[in-house]
Each structure stands twice: as C-alpha cells, then as structure tokens.
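Next up is one chain by itself, shown in structure tokens, the form predicted alone.
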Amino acid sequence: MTRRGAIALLLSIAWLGACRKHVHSEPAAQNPWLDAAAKVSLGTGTPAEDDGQWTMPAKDYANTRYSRLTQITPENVKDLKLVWSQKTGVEGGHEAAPLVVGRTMYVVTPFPNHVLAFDLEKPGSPPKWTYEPKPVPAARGVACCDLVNRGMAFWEGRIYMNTLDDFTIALDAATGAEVWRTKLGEVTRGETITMAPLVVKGHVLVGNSGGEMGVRGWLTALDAKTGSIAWRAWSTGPDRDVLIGPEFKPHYASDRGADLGVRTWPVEQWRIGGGTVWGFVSYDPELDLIYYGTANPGPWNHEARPGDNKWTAGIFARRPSDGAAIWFYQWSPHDVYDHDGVNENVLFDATSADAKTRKVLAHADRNGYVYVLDRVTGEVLSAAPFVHVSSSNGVDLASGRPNMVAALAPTTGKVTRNICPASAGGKDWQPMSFSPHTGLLYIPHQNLCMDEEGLESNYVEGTPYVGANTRFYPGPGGHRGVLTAWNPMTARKVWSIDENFPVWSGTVATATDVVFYGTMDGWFKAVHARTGAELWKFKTDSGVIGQPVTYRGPDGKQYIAVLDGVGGWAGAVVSNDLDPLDGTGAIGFVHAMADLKNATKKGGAVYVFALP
C-alpha cells in the first residue's frame, strides 16, 4: 500500500541516537476525582495469587501484564543469561506474547501463522509439536501494515488462535490436533484477523482487521467447545446490528439516541465505515463486562464522512454472554487522523483519600491522551497528554470530547503540516503494563508528527480505501520512541526513556519493580520500575516488537521470554522490503524509518532468560 511521493527527508532530520532518561513533573492535568493520595489495587480480573503461568494474552483479564513472581530483582537482574533460543522458521513482524501453560510454551508466528509448542522440561526446550493452518496467500495482499499476529489464548485444555485469512481455530494443547475451525470473514472484502483472542465464560472473543480497506468492524463470540458463533456485534449500523438495547446507558448525551450508528454517517456510508476490532479485550468478572476498542472510521479522508461516525474510535462495554452493549465512549468523534481507538484498557480499582473506591480503567490513546474512566459508567475522570499534541487542546470532561484544532484538520488537495501525534498516534497497539506495587503504567510508544493531504477516494471492494497522503517524522527532541512511566492517579509523567526508534514492543512489570521492554534495533532491556534506571540489556538478532512474558518453569525458577522479529506498521520497511527512498511507503511510516534497515534485519525467534 504505497504511493509515490517525495524522497524521504529522514537524513535531514536530526535525532539523538542514544537513549536518554528523564524524570518529569508535568503540569497538573484535569483530574476532578483522582488525586495523589489515592491508592490503587488490582482489578477483579486478576487472581489472588500468581501460579507462574501465562495463559492469556495480557497475563490476566484486567490486561495488567503484571507478574507477582519475585526471584528476579533490580539487584540481580544484571545476571540474567540466555538459557535457550529457538527460531520460529518464519521471518516478519512477531508481535505476539508466548503462552506458558504447565510445562509447555506456545508461540504463534505472523503469516503463515504456525503454532509451535516447546517442551520446557527437556534441555533446550525442543519442539513438542508444530501446527500449520495453511492460510490462503491472498490474505497477504489485503493485510494492512504487515502480516502480524498478536497472540493466542488457552482455556480448558485448548489453544485458541486466529489466522490472517479470517479463521478462528481450536487446538488440542497436548497434541496440536485441530479440534475445530470457524470462518469469520472474507479476504475478498479486504478482511483479515490479527488480534489475540480472549476466552470469557466459554466464549472465544474475536474481532476483525481491515479498516483501511473499507471493512465494517465487528466483535464475534464463538462457543469455545464447538466453534459455533454465539453472537456478533457490529461497530456501525442500526442498533439491532450493534446489539444496542434497553440496557445501553452511555454517560454522555452525544452517545444517546436511536440508530446513531446510521444517523451519524452519510447515507449508506456506515456499511464501509471501518470500526474494526483488532486490539486487546479486557474483562471484569464482578461487573460481568468486557471492554474493547473500535478502530478508525473509513476512509481516512474525513471530508467524505461528515458526522461523529458512531461507533468508531471508541470503547464498548458489553455483556459477554449475549454481547448486549452497556455503554460506549468515543475517544475521537469524527476521527480526523486515523487515531483509531483499539488500544488496550487496563482495569484496576482506585481508592481516594476519603476512602471511596471506584472501579476504573486506564487507556493511552493514539490521540495523545491517557484517559482514566469509571468502568461502571464510562465517565471520563481524567485525560492528560502523554506526548506532544498539536491537533487538539485538551479534553472537555463535561462533554467527553477533545477540543480539536480546526486549522490542523486536513483538506483535500492541500498539505497540512505539523500534526502531532501522527496517524500511528502517541501510542499504537503495543501494550502497556500496570504495577499496583508502584501505582504506575509503563507505556511503550512513539514520538512522531506528520504532514497530511486529503485525496479523493472511491470504494472498490478488497482494495485500499484511505484517501490521504501522509508523511511521518520525529516529534520534538528528534527521537522516535519513548518508554514512559505514568501515574494515572495524578495524571503525570514520572519518568521517561527516549529511544531512537518507536518502542513497538509491549512491556511487562514485576512485583520486584523490574520492567522489561524491547527496541526495534534489537535490544531487550530491563529498567527499574521506580526510576527508569537501566539495569540490564541483551542484543537479539532482529528488532523486538513482541510482548515480553515472565513465568515459573518446571524447575521452580523464574524465566523471562520474548520474541524478536522486526516488522509491524513501524517496521514494514524491513519486514516487507519496502524502498526506504519512498517515504509514502506504509502509509507514510517509511518516511520516518528509512534508516531501520541499517540498524537491524529480519528475524523470528523466541529468547528465554534466567538467573544462573
């Protein structure tokens, strides 16, 4: 998906090559309820004790990516050694988190979506079995932004996975035998699946990708035992399709009214309006609600779709049993910049100084703000910028809407410059972690701005439907990546580490105040959770964009694992062999990443570390 344009200006843009650490005290943000005296605790989606396994994409239903294991500490992490490594046999963007169930590790690759099971009891952890689902090659031609897969889920003896060509598959975890497979979408429409499934109350939850192809988004629940479809909730269209009924009670007035999924669009535009679902799903067992984001409206050229474009670029709370919508909040009404809305939602409880406890969720959006919402009602409690933002001036807590800068809204045939953050956002899919021990979120993200020109766009099924030329470049400071420690109670940055390239990996936090993350030039790092001080690092063969995990092995030791294999939207210049001189490649991301080919190479391997 490239367009011709000017030669990349990257070499003329100064950036600071070495990573740098900053301790910050940013201006106070809007925060009418949360305060510095508030205490945090894990949400109800987290078990009371850590069994040492990693059985779902984010460790727990609350999406914390927090481990209570304690053997690896800030004092001894410097002694971590590589204990085994295995190539996956596939090169490309490896964005998944390994699963660890009992004495087996499971890894899924990008297309062709091989699944590998490693025996953790034997020296070197050799493969136990491999499963090859053989997705149709046509899926490669319609996948936006690389051929990634973001992980799998385990439930009651089965591994659940998605393929790029729109199948959800259940495997016998012991043997790798296929138990069932169900087709959910159509590649000919430009539809693919890249997300990690989640199993809630016997339902496998799966969403689609393809917002840049005019795909209409949905979240589907399948019976985990049989693979039959239990319900599907569309992200656009009439209330009956969106599963909006009597229980739907959004907090903000702009989200109330009949059939807003039709009436906030031009006639029939909602049928090709995007709102795909390819991020992570959270679940609160006590409230019995799932939470997930809906992606950008299509096309990117917003002049083609006047209106708020419900229910895109927002978050739904639904019942897992029947999909009934309970509330919705829109991060970016009438999303102008592909700022999307699918980033993960981390659940925890907050107790204020006057001992009132509130169930909240934290979300770092592509539009540049970290939000804290009441997850019972969908009310925004705070929204503060975590990156440089020029496209809006804060979020109005009364209406819930960002105050957009009209002069920076792109128009057809005219280049609008200095839009921050870029379409990839202050943060994209790469998941943050949350430590109740420090009370901080650990946000991996980028520092990118862009120029954009609107283009005429016509919908043709199965072809790109974008309507915009964009070119990304580094934001203030010249670096392209950041790891930020953020206090959601005060809505302030605590410390940050600048990285040369976007930090496109996930993070994991431990009870001993160690945070792990990877860099696109191939460093896997451990830093102190309270200060950001670098404690350890290891150079992998390829860039790291996977999600680290930590687990207890059969020998009782704590291990750290991560996949390398550079790629994804940010790394497509390497994984898809794009021309670094064509800055329009990867919808303008290549303009900011032309030098990545000099820093790393393709790869695909799992690395496992432990103390001696």
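If you're wondering where the values come from, they're calculated on a predicted model, not measured in any experiment. Just count from 1 along the sequence shown to find any residue number.
Omitted from view is the form predicted in complex with a small molecule, to which the following refers.
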Practice task
Select from the listed residues 503, 422, 148, 313 the one whose heavy atoms reach within 4.5 Å of the small molecule in the model of the complex.
Solution key: 148
Exercise for the section: Could you spot which one of 542, 510, 209, 109 gets a heavy atom to within 4.5 Å of the small molecule in the model of the complex? Expected result: 209
Fill in the blank from the handout: Within 4.5 Å of the small molecule in the model of the complex by heavy atoms, the stretch out of 82-90, 489-497, 119-127, 291-299 is 291-299
Practice task
Please run the contact check for residue 187 against the small molecule in the model of the complex: heavy atoms, 4.5 angstroms, yes or no?
Solution key: no
Handout entry: Partner proximity in the model of the complex: residue 94 to the small molecule, non-hydrogen atom cutoff 4.5 Å
Key = no
Practice task
Flag residue 338 as yes or no: does it have a non-hydrogen atom within 4.5 angstroms of any non-hydrogen atom of the small molecule in the model of the complex?
Solution key: yes
Practice task
Indicate whether residue 194 is a 4.5 Å heavy atom neighbour of the small molecule in the model of the complex.
Solution key: yes
